[in-house]
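Only one chain is shown below, in structure tokens, and it's the form predicted on its own.
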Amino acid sequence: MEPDKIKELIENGMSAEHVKVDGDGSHFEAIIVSNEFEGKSLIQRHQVVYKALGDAMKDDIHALSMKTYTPEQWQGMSN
């Protein structure tokens, strides 16, 4: 599994303003910015992403570290 494929799965599976995925083929790191995270706990945010990834999370991705932000939180990070 390539980082670009994971990025594509996330973008196709949920509404996201920004997705960046890096990794080495088995371990990945993702930054995801989405309105869907509004009012959700960290665990609920990760569940949204896992749902978007579907079976790839079980079969092809061995480790995924995520940083999830609402657009407002993301904007605050760049100031």
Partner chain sequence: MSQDIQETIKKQIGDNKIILFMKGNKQAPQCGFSAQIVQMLNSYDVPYETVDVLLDPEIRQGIKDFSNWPTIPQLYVGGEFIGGCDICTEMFQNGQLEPLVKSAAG
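Residue numbers count along the first chain shown, from 1. Note that this is a predicted model, so its numbers are computed, not measured.
Not on display, but discussed next: the form predicted in complex with the partner chain.
The closest heavy atom approach of Q47 to the partner chain in the predicted complex falls within 4.5 Å. Taking the partner from the other structure, the partner chain in the predicted complex has a heavy atom within 4.5 Å of a heavy atom of H62. In the predicted complex, at least one heavy atom of M57 sits within 4.5 Å of a heavy atom of the partner chain. Although the partner is absent here, V19 is not a contact residue: none of its heavy atoms lies within 4.5 angstroms of the partner chain in the predicted complex.
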